[in-house]
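As a starting point, one isolated chain is supplied in structure tokens, in the form predicted alone.
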């Protein structure tokens, strides 16, 4: 057996006085960190297998376990930090591409944290959301250039035909997470929570499980390059259709669901053979121009009798604004922008950490471009990729979004501990796995309750922030960058975001 140069990532500390040898940790860890030593008559732990998911420590009945980072230190070197050395060790031992789950964990600027919200004082008094109505409802879809009103029998009537819209009671949707990347129980919880909160969940590129068709009125289905699970019933069951061109965690890269995750149920849902890898190519092989995209949008609208808005999802890149302009002109009703901090079940680490740009910069650029061209009303914008809390939501809307997508935050709400090993299929929390023993660790009803609580809590905070700005409707904030101020940002960054520095008045 060859010696590995890799030190463990985490260390398992067991308090022998508290440990009662109950073996709960042995049964809970899918990575086989813990095992019962028959000779010693006690449970032992293998640090080299630990991924830091905290399942064992959380469920230990006597709180005998503590997980810490492994205290092995390398000589300090600014050009060769510890993680770089470990990555070289790993690739020299495996010869493989480094994979990661979830979004980039690099220490890049988080622009949400450098934007402050303006508050009202005397001349524009604040609003108390506990005593006055506060409107979070918004409509997503193409809006007409103008409204025509006619009067019949003395009563005004709207003459303009309005394109199909998605009505959301809170401007937060659950982003694309495919059945296969996440378990059925999590998919069910997202659908149930979307229905309860009158918002929408997104199937991702994995098709829609037959048992979830009943939630179609609160579901966005995705048409990705692999066309997994795409058929007329699938398209017509949904409230909207999203064409996935790019993903924030891996711009320009296709998808890959390992064959070991393709169970019979996933095989039927995705319409691929059981046990085979689900490979979706990077490009759509029928889309090589805006004209090609226009044809697909037209085909999907024809297939659904023009009853559903068609969305197009792209990754945040340097020319997102030009791309978005073309997509709107091609007939897209909603643009979904996904920033480089967006999560994923698996992505090449180097792609995840080095390709794409922050959602804040792309969002500001797209909103400005569409306004400058006079077509902003022709498409709504949904921003995603690293939305962490209610203030991020409010800032995104002020930068130009109509609503936001949340994915990682939703998974954390149901129990994800961000160990970033989603691609192994061994998720100890029952989220990113298809192992029946692990899947049952998620109770979909409890997960639904947690998701609903999260959206309700954020809604209350959003109302408080709107009230503090003297705004009583979320749509009055959209693109209103005068209510934002930048702090600790360069002149270039302020220019790109189109916000004034903190302390500068109108």
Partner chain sequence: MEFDCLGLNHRRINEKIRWAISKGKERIILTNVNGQRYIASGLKAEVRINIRGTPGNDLAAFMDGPVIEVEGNAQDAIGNTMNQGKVVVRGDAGDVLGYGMRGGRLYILGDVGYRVGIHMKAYKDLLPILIAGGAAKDYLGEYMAGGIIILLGLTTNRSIIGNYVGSGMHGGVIYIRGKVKKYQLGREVGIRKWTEIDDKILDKYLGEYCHDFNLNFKKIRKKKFTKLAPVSYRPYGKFYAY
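Please read these numbers as outputs of a predicted model, since none were measured by experiment. Positions refer to the first chain, counted from 1.
The form predicted together with the partner chain is left out here; the points below concern that form.
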Of 127, 351, 99, 357, which one comes within 4.5 Å of the partner chain in the predicted bound form, counting heavy atoms only? 99
Of the residues 303, 375, 88, 117, which one places a heavy atom within 4.5 Å of the partner chain in the predicted bound form? 303
In the predicted bound form, does each of 10, 71 and 75 have a heavy atom within 4.5 Å of the partner chain? no
Taking 4.5 angstroms as the cut-off for heavy atoms, does residue 260 touch the partner chain in the predicted bound form? yes
Against the partner chain in the predicted bound form, would residue 233 count as a contact residue? Criterion: heavy atoms within 4.5 Å. yes
Residue contact check: residue 110 to the partner chain in the predicted bound form, 4.5 Å heavy atom: no
In the predicted bound form, does residue 133 come within 4.5 Å of the partner chain, counting heavy atoms only? no
The partner chain isn't shown here, but in the predicted bound form, which of 383-391, 287-295, 403-411, 335-343 has heavy atoms within 4.5 Å of it? 287-295
